[in-house]
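As a starting point, one isolated chain is supplied in structure tokens, in the form predicted alone.
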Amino acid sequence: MARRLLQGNEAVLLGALRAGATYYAGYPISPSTEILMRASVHAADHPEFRFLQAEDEIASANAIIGASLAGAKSFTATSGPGFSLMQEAIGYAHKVGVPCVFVDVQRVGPATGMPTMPGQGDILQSRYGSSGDYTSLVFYPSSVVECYRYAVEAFNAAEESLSPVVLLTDAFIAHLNEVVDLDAIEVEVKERTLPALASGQTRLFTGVLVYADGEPATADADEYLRQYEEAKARRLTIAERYAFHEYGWNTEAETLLIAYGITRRICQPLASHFALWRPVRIWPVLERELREVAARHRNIVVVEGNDGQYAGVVERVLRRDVARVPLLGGRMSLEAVREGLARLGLLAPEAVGPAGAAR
């Protein structure tokens, strides 16, 4: 494949195909709809790839769970409102141990919100959206190339952890067009690990806690704890293989900016003024890496498209005050970041010119 102009949403689909995905179910919702559209076109030309436009997001989520249990690497794509509807199914997939991928292309919300504007309001939902306790693996790319790469890694992590994995993007990243060479991207593909129902291996899939022999254990707290801790330990161990993050820019600066997804790109012109730490693996939190980097800097500022969702996580991990630059209402711009940093006294108003070039 030669170098080509590629959109973020299309790169997600191509990454899924590279990972071996053979089933897509979804419902159209901006700004993720291009994934559904391109998946339908691919299915028309490739009969081995199955496609379902379901009646809603609830049906889509349960369809990909069923497809995974039947042996397919499966995925869906949606945005914040649809992601909310999928949460019960996501919790079930965690409980039963079903590998699959949920792509959430974030927009300003809640509910119908501002469907054409980018947001980052689903950070906490991607970890705590469903009921009960479970361990989530969540990745967030910042470029078209990364949309492709981390789509593959999301499927890899799902297969290894036997759990649903979330790939977060946003309206800007999803609709970004960049020239890429996908053949130059080296990424390993993990083979299928979950035995299909058709394989003859008996498995019990139920929402009720059971013993290994299939008998109900609905009132056995010790058995619940054993199964939960076993799944948690396995997923945390596997998550360490996917400790993707970035640290750079002016690492001698007093102030460290923490940004992810589109906000990392928006802050790029400030690279000479600040250090940067970007988590790609949003969940589980990269606690060790974050503490090591933060200890080198006097000030910590989280720039994100919500009202401090990740900033609160950073404060908990570091046990120190963290400044916030919230970009709300789709106001994702360098000017907004510059104004926020100026209010904090960390950047002179004249430090960045009107064209966005750092002086």
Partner chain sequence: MTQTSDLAFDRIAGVRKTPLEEFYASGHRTCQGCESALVMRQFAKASGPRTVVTGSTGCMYVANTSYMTTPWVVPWMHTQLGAAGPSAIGMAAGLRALMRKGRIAQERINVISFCGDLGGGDMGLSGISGALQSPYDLLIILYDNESAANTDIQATGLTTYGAQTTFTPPGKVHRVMQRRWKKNVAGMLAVGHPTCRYVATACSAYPPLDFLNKVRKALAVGGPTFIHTFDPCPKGWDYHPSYSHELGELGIKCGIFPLYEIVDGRVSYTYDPKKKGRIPVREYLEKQGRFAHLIDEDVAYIQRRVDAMWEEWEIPGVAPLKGGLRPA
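All of these numbers come straight from a predicted model, not from anything done at the bench. Residue numbers count along the first chain shown, from 1.
Keep in mind that the form predicted together with its partner chain is missing from the display, and what follows is about it.
Please tell me whether any heavy atom belonging to L327 falls inside 4.5 Å of a heavy atom of its partner chain, as the geometry stands in the predicted complex. Heavy-atom contact with its partner chain at 4.5 Å: absent for L327.
Tell me, yes or no, whether V293 is in contact with its partner chain in the predicted complex, where a contact means a heavy atom of each within 4.5 Å. Although its partner chain is absent here, V293 would stay clear of it in the predicted complex, with no heavy atoms inside 4.5 Å.
Can you tell me whether L36 touches its partner chain? I mean in the predicted complex, with a 4.5 angstroms heavy atom cut-off. Yes.
Using the partner position in the predicted complex, report whether S30 sits within 4.5 Å of its partner chain, counting heavy atoms only. The answer is yes: S30 has a heavy atom within 4.5 Å of its partner chain.
Decide if the three candidate residues N306, Q309 and A323 all line its partner chain in the predicted complex, where lining means a heavy atom within 4.5 Å. Not one of the three qualifies.
The chain here is shown without its partner chain. Which stretch in 328 to 336, 312 to 320, 295 to 303, 42 to 50 comes within 4.5 angstroms of it in the predicted complex, by heavy atom distance? That would be stretch 42 to 50.
Only one of T193, S272, T112, N177 comes within 4.5 Å of its partner chain in the predicted complex by heavy atoms, so just point that one out. Contact residue from the list: T112.
Taking its partner chain in the predicted complex as the reference, which of A231, M117, A253, L85 has a non-hydrogen atom within 4.5 Å? By the 4.5 Å criterion, the partner-contacting residue is L85.
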